[in-house]
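The data below hold one chain only, encoded as structure tokens and taken in the form predicted on its own.
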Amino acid sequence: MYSVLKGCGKTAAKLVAIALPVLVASYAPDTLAIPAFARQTGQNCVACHAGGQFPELTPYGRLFKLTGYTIGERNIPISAMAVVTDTMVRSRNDPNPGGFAKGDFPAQNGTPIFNTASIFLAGKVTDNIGGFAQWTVNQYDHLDGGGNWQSNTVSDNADIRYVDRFINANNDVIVGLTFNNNPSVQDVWNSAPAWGFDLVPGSNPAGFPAKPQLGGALAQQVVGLGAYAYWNKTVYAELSVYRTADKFWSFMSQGFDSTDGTRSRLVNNTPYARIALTKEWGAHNFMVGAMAMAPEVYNDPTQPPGSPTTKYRDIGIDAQYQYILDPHTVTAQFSYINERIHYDPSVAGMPGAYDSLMGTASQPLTNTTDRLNLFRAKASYVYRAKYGGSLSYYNLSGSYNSLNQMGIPGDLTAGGLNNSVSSNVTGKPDTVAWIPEVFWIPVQNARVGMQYSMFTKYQGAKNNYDGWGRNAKDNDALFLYVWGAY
């Protein structure tokens, strides 16, 4: 870690210098929260966000979202955010004669960059209708044919709602409809996949080798309509149906191109179910829940109906605990997703992961099914809505795997001259990481933070996971950021 931190002081100074306009633009005399919603409700940031740590929600923030973003009066519905980052990966050295590709590591590794920015259209439309839609520019999105970084503008998260609330002496029932483009983005608990972890844009730059469909793989790839109810602040239930965000619905997945395979394509309409039990007492609140989804996805989204598909069955459980009493805010959450994967029979004999024992990069699938398990946990503490820290844990495990789940195996066909940081000789996706973070909220529209991703296992091994001598700890990364909203 010392080698990564070396020279950190100079880098941090550059980061602050570049990010200063973000901090200045983010300053608001009344220290309001996410600006469009803050103007609408007239509330302080900490009313909606736990310890001011956006986007984690308080009980009031969850109520605001469950009631369709309609609390308060209509106001200017536009907000913006920007993120300046700097990343330092522990090792970029590769014993392979061909070396790593430029795109295997974060853009401008070791140099502060203006990473990403978003525009939000958000707020109350009527007493029953509200929502938000986000468009994001990623400055270093991909490499062109000449090896130069290119930006890309994408449709980001969106959640539009119609809601009504019925209250009498015995019952308080909220019922609503949600129209969105990311399964679980409509959720109000931070243990849900869309909101639970990796919340800072660009964080965990070394990357993780795989993710379940319900763990974010379908984000901004689909469009869904769902109905939900929340009874007496105790039971939440939801049933939604998703389809591919193409044709008329392509505005919900702008920036992802179905013609080059970067947009997933579902075979049929896919149901998503969610249930949660909640309890509030004094300064404490607790939730335990479950979710499920079973998408069938075309292996090649450019091919016509009838082409090979992969079937997934994802089941998740999650929980969250909060203690909020000035000046202390404590949040803890966990999420576990089990995914069963059933491959199309036509791909059962296709080449799979590199097998170090057999010495070949062309082993067939061992069977027509795979499994993937993702466990994540996080605990955070904020003092006086200004100074905070968190510790996250990431554990991905799975069966002996095929290329469909492993990413890019080491390419030995060109004499070993082509390699990737995600190459794999174990045939398994197993990856374990600890991610400590410290942050400072100088004003309630900005956050300055530092994360360090520490990998104890990567792509199935602690040492030499790629067959060329790269170890899991070589992907450790220091990540500095300034995140502001206005």
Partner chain sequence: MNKLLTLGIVVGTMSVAACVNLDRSRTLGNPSVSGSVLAIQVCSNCHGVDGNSTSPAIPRLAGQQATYIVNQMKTFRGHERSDPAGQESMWGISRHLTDQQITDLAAYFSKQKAQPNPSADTPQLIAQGKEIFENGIPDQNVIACSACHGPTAQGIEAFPRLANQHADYIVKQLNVFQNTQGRPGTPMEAVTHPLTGAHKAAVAAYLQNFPN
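Everything quoted here is computed from the prediction, not taken from an experiment. Numbering follows the first chain given and starts at 1.
This next part talks about the form predicted together with its partner chain, which is not shown.
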The listed residue (L63, I435, V432, V448) that reaches within 4.5 Å of its partner chain in the predicted complex by any heavy atom is L63
In this chain shown alone, the residue from N128, N109, T368, T153 with a heavy atom within 4.5 Å of its partner chain in the predicted complex is N128
*asked:* For a quick test of understanding: in the predicted complex, does each of Q134, W149 and R340 have a heavy atom within 4.5 Å of its partner chain?
replied: no
Only one of 82-90, 304-312, 213-221, 167-175 sits within 4.5 Å of its partner chain in the predicted complex by heavy atom distance, namely 167-175
Q) Does at least one non-hydrogen atom of A283 fall within 4.5 angstroms of its partner chain in the predicted complex? A) yes
(Q) At 4.5 Å between heavy atoms, is F334 in contact with its partner chain in the predicted complex? (A) no
field: Distance check, N44 to its partner chain in the predicted complex, heavy atom within 4.5 Å
entry: yes
| query | Would Y383 show up as a contact with its partner chain in the predicted complex if we use heavy atoms at 4.5 Å? | reply | no
